[in-house]
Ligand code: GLA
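The chain below stands alone and is given as structure tokens, in the form predicted alone.
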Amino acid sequence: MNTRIFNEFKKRFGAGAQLYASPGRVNLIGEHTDYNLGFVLPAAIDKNIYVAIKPNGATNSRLYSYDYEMEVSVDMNGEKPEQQWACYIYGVVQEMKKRGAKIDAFDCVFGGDVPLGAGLSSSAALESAVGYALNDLYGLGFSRQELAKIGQMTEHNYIGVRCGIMDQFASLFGQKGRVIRLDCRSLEYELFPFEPQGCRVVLIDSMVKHSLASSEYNVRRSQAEAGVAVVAKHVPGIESLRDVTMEMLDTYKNEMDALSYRRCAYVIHENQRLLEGCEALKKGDYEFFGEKMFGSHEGLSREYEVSCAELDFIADIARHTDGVLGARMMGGGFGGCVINLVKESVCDAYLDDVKSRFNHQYGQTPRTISVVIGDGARRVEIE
């Protein structure tokens, strides 16, 4: 794919482009914890968005989407472009300019192999690739953390998505064979080994689109905040669920509604699962880590109630299959993928079993995507 993007640039705009890549991501444990200022455990994967780019000395930047087969000319000092895909690039430029960067017009071709609609954050990969490329090309001096913030603010201000920073962070800070424990309150992070010998990480797509995710996301957020507000009346210094223990929650349980209690309990348990899972990774105990993945799914399904029948169906097959170490829904919920940690020896048979049973139950065959934990944003040398 990287050669195709590079050659497409040459065909359209001539020689001399630099090529950059930034990956999609998975999240192993830690869902709906980010906006509660807890922990997440993402990793970059071996699926990337590639950007070939070169200053053009003109007034307008020429942008070509390889996947949409569409070219637009954009004045980066003018109005936002109509095409949403072009808004990602425009937005990154604007956010960099707000921070004092001087960026001349450029030509750019981008495309990649991050599967769309699977919750692997192709948009964050694009923002990170463009940000990293412009930073390198024009010597802007932004740190990777600043580039992650630029990507996040692009989503907020030019796409209209109030996302957290996890996706951009994973795309920029990822390392092969490592997962990133990110503290969403301080943005401090630590890398943990993730090289389960004889195992594969596989996503199984439920084929359900997240139609409820955005509206229910806001409901969950307000339910969690309501629980925090109750505890904060009694305990000084409580600002988010990160500060609340199960003991505190149980003490003031009678002052909050049952749903708020359940939502808060899930987040507290999920942070604990994640921290215990990281300790297991240090010891190379993937069986224990897998149990924490199963526990995460159980919590998301029963306490936070953001799963759906199809996701639960896949997770239940995983739970009852020897050689599947762990599985859980990944992402906002109400659709999307189940991420699985599976022994190589049983993987193909397990996937065949899920496809067959899912098809029998729901009348369609789920898509499967194997991923390998890979490196974050980088410059790519073409032979």
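Residue positions are given as counts along the sequence shown, with the first one as 1. Quick caveat: nothing in here was measured; it's all calculated off a predicted structure.
Just so you know, the form predicted in complex with alpha-D-galactopyranose exists too; it's not on screen, but the next bit is about it.
A.B. asks: May I ask you to choose, among Ile165, Val201, Leu249, Cys108, the residue with a heavy atom within 4.5 Å of alpha-D-galactopyranose in the predicted complex?
C.D. replies: For this set of options, the contacting one is Ile165.
A.B. asks: Among 349 to 357, 313 to 321, 326 to 334, 55 to 63, which stretch sits within 4.5 Å of alpha-D-galactopyranose in the predicted complex, heavy atoms only?
C.D. replies: It is the stretch 326 to 334.
A.B. asks: Consider Tyr217 of the chain shown here, and say whether it contacts alpha-D-galactopyranose in the predicted complex, taking contact as heavy atoms within 4.5 Å.
C.D. replies: Yes, contact at 4.5 Å.
A.B. asks: Is there any non-hydrogen atom of Lys47 lying within 4.5 Å of alpha-D-galactopyranose in the predicted complex?
C.D. replies: No, Lys47 sits far enough from alpha-D-galactopyranose in the predicted complex that none of its heavy atoms falls within 4.5 Å.
A.B. asks: So which bits of 12 to 27 sit within 4.5 Å of alpha-D-galactopyranose in the predicted complex, heavy atoms only?
C.D. replies: Just Arg25.
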